[in-house]
Structure formats: structure tokens, C-alpha cells
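The chain below stands alone, shown as C-alpha cells; this is the form predicted alone.
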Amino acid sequence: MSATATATTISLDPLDFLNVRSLLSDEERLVQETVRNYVRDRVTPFIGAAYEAGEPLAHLPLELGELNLLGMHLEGYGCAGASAVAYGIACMELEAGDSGVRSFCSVQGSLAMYAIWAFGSEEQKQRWLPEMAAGRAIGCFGLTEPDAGSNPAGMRTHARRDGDDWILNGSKMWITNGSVAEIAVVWARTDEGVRGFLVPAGTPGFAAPVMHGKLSLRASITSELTFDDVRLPADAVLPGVSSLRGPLSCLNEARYGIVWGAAGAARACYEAALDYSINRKQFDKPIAGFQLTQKKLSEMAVAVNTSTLLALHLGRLKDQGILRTEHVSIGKMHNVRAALEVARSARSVLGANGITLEYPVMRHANNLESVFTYEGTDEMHTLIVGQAVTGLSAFA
């Protein structure tokens, strides 16, 4: 049989137009099926109401822990030790449900847990990582400040030694999970460089009020962290790093998950638009049969598939140990931009129905506006790539 004849026998899946699934291993496909089924059963039926109420899904931490998704790419300490691609696939499927769900998983595993795993003492790892992997303890990651977002070197939070103890002062903003976290990983300036501190909830002088009024990521808790002469013991410090390399390496882990997550959000919007357009009739035929609608759907299909292929390629590079920060920046730039365009186009296909919570499109569109700027704004990633391709820094 000729190659051409063989190709014609391959069925075409509108939701996986380029058959990306065929590039995955059996283990990776199992992860995809498991997380997709979980999202279908335990996220999709409840996420609209949670978003409208501005509340997270309470069942999420323990159930994600039972699925071994929290810190799943880390080795030991109750973590699954999965590949980077498997972790990325999980992020894609979680964000197809909601960005807030993927964000919880990312902050827990790629920021808080990764910081302890990479830079913590053995005692710190044993104390926190198994509990966090199981979802019994929630963590948060305190780096961003009111006046130091894109420029972490401008942070004002500081810690000074007082005998064997440390005294921590300052504040952090836009902290996912902050108000429900049992442990906060907080980065601060010291005379010894930028250090990470483990600050347990309830420590005197430490407060984590919820930030209200959000129109995006409403099914996710966002908090402010404040530190007023917080006294911490010597063993609260992460001993493995004393520079910005610590928090920035954690951010790169989280940004990698966003590359995959944005592809998932785009796919969910495309799927909703495709299904709606086939079933919605105007002028006595499905709107999917009109040229302008088909143009929108075909462009969405291209965006979803190219984003997924880019994420997969970066995942393979990461598993080979050759993924660079600049690669992740290209992935976040492209995939979040593409997802936003897909969401907006999908909203137009759904017409007025597209602005309701009955469909996921406007919820994803609103969430993606946050994804566009968090974990490094689009502008910052643009300059990272620009410096890489020109050899010239355009940062102030």
C-alpha cells in the first residue's frame, strides 16, 4: 500500500487536528486521560458557580494529591517523579477546566514545593514536601510586591539577623493561595543576599488577607502577605541559595506549566465554539456552514495545534535537560497570545451566549487576561527573547 493510500485511512479528529496524541507515550496518554476525566467529573460541573461566587473548589487540594499531581515532576518525598511532558499535559488538562485550577497546582508544585525541594534542607523537605504532595498542606510563594512586579531586584521586603533568629518585614501582593496556605515561601533582601524563608501560617506579625474585587481568576484565592517584625528561627531559611537565582528558577518552572496550560484553555474555547456552531442554526442551517464562521474555526484549530506542538517540543527539551529560560519565554508569549485570540474569536461565534457562564469561553478569556501578565508580563518575555536574538539588552 502506498504512503498516500495509508494516509487517507487515518481519521481526522477536529479537536486534535494534527494527531498530536500519536506523539505521546502510553504513560503520557494515560496522564492525559486521567486528568481530562477528572476535570470532566470534578471541575467542569462546579467551576461556573465557583467562578461566579469568587471561591475556589474546596475539594481540589486533596483530590489533586490523590491523583499525584501536586509536585508530580519532583523526585522523592511522596512526589510522583513524572516527566516534564507528563507534568505539562496535566497542566494543559487542568487549565482546560479553569486557569485557577491549573494555577493552584502550579503554585503548589512548581513554586512552593519546588523551592523547598531545590533549596531546602533535608529537614525542611521531610517536614513539608510529603504533606504538600498529598494536598494536606497548602503552600504559597511570596515574591511579587506592590512596587516590584516585573523587577524583583527592586523588592523592599527585608530580613535582618537578631541573634540566631531573623526579623522579617515587608509585604507581598497577588499571592495565589496566600490566605489558605499553611506555609509561605517568602523571598527577602538580607545582608547576605536574597534569601528564602519558610513562614508558617499563624506566626505572630504575619497576615494574609484575601484580595477582593477580581474580575479574573475568580475561582482562585489571591492574597496580600504582610510581615511586621516577624521573628523566625534560624532553620526557617532555605539554605541552598542566596541570590535571585532562587526565586527566578522557581518562576521558570511555573512558566513552563503555563505554556501547556494556555494551550488547554485555547482548546476548551475552540471545542465550545465548534460544538456550538454545529448545533446553532441561523437562516435554516448550522452557522458552522457559513464561510466567516469556518474561517474563525480553522484559525482556532491552527492556533490550538501549533500551541500544543510548541508545548510538547519544549517539554521534550526539558526532559533532555537542554531547555533554556528563553525557550520558555517564547512558549509563554506565543501560547498565551494565541489562547487570548482563540477565546475572543470563540466568544464571537457564540454571540450573546458567549458572555454567560453556561459556556466556558468568557471565563477563560477573563482568566487569560491574568495569565497574560503573571509569571512575567508579555512585555518582559518579549525583551527576554529580544535580548537572546540580538545579544543586546533593552531592559532599563
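This is a predicted model, so every value here is computed, not measured. One-based numbering along the sequence shown.
A second form of this protein, the form predicted together with flavin-adenine dinucleotide (FAD), is not displayed here; the remarks below concern that form.
**Student:** Asp16 versus flavin-adenine dinucleotide (FAD), in the model of the complex: is there a non-hydrogen atom within 4.5 Å?
**Tutor:** Flag for Asp16 set to no.
**Student:** Looking at the partner-bound form in the model of the complex, is Ala115 within 4.5 Å of flavin-adenine dinucleotide (FAD) by any heavy atom?
**Tutor:** No, Ala115 stays farther than 4.5 Å from flavin-adenine dinucleotide (FAD) in the model of the complex.
**Student:** Would Gly135 sit within 4.5 Å of flavin-adenine dinucleotide (FAD) in the model of the complex, counting heavy atoms only?
**Tutor:** Taking the distances in the model of the complex, the answer for Gly135 is no, it never comes within 4.5 Å of flavin-adenine dinucleotide (FAD).
**Student:** Could you confirm whether Ile175 comes within 4.5 Å of flavin-adenine dinucleotide (FAD) in the model of the complex, counting heavy atoms only?
**Tutor:** So Ile175 counts as contacting flavin-adenine dinucleotide (FAD).
**Student:** Name the residue from Ala184, Leu143, Val237, Ala303 that puts a heavy atom within 4.5 Å of flavin-adenine dinucleotide (FAD) in the model of the complex.
**Tutor:** Selected residue: Leu143.
**Student:** Just to confirm, with a 4.5 Å cut-off on non-hydrogen atoms, which of Ala268, Leu217, Leu314, Ala86 contacts flavin-adenine dinucleotide (FAD) in the model of the complex?
**Tutor:** Checked against the cut-off, the match is Leu217.
**Student:** Which is the contacting stretch out of 366-374, 338-346, 64-72, 29-37, given heavy atoms within 4.5 Å of flavin-adenine dinucleotide (FAD) in the model of the complex?
**Tutor:** That would be stretch 366-374.
**Student:** Which residues in 145-165 have a heavy atom within 4.5 Å of flavin-adenine dinucleotide (FAD) in the model of the complex?
**Tutor:** The stretch 145-165, when checked against flavin-adenine dinucleotide (FAD) in the model of the complex, contributes Gly149, Ser150 at the 4.5 Å heavy-atom cut-off.
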